[in-house]
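What follows is one chain in structure tokens, specifically the form predicted alone.
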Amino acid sequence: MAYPKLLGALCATTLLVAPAFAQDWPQRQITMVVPFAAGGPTDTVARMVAERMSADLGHQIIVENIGGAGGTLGAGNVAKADPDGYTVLLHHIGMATSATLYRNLAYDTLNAFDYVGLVTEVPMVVVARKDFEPNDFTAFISYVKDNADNLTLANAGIGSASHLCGMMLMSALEAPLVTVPYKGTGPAMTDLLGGQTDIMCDQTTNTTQQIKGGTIKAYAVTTPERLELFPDLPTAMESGLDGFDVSIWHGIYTPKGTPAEVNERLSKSLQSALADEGVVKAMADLGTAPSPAEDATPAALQAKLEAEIARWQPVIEAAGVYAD
């Protein structure tokens, strides 16, 4: 007969411990896992945000790059981490697409994580080597369709932003280009700069400096509206590619079971970081903007992930290209 009382006492203790834990959190440094190489566009976004969140939380957020398997290796490590708020994941759209691209994932994308909030949506730009023949996007479309068998499309590896954008581009043009995957954004861009490949579609965080420097040729942006950063570049949609709307959104996650109060504290810290003038300017210089406060929330990120998995699943299945 003592068991019900004991069980009640244990439950009451658990209810008291969780809020107390959240109130005392954080007490030490936090690790932010970026599942891609250092120096890449997602890493750039992560370090901007981590610096300001560190100041807000009073403890440093250390960025740890765990690349490999299209971002799934780093994500899998976070899924297995202790749900204590000291390990977080900053991932991009690949969090959604990997659910279909990888048929044998080590984790269940929708059930292995809790949510903190959206960080930013980075536009993409269709670019080519600087001596690529077409001089505008209309001519680009015709040229690519006519020469698809002889053109190469670089990307940073299966599941990368450039791979996803490139896949959408080939689908829109109905032109199956020869794809050349690299182990990261850096080597992919290096070969485009050197003329070893012809075309690439990647984030403004990775292409802006090269476009401004004239070392690659830019043709179109993948957002519905033109970019203030490149006002003369047309959108893909205004050039005839209906529905071609691709931006690389980023979000922050925690392992499933992380106390809700901790996720909310992280979300508030993220909102503070995204409102920082230095972060706003740094992102503007890269052609993007921070997510508004209402999107930097657990609920908004969860809704985004669910919608994007549903959006990309038929695209990937129609292409029939999987990572495993």
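Don't overthink the numbering: it's just position in the shown sequence, from 1. The structure presented is a predicted model; accordingly, all values stated were derived computationally and were not measured.
The same protein has a further form, the form predicted in complex with a small molecule, not shown here; the description that follows concerns it.
Partner contact region in the predicted bound form: 156-164, out of 104-112, 156-164, 128-136, 230-238, criterion any non-hydrogen atom within 4.5 Å of the small molecule. Within this chain, T207 is remote from the site of the small molecule in the predicted bound form, having no heavy atom within 4.5 Å. Shown alone here, T288 lies farther than 4.5 Å from the small molecule in the predicted bound form, counting heavy atoms only. The closest non-hydrogen atom of G186 lies within 4.5 Å of the small molecule in the predicted bound form. In the predicted bound form, the small molecule sits within 4.5 Å of a heavy atom of T42.
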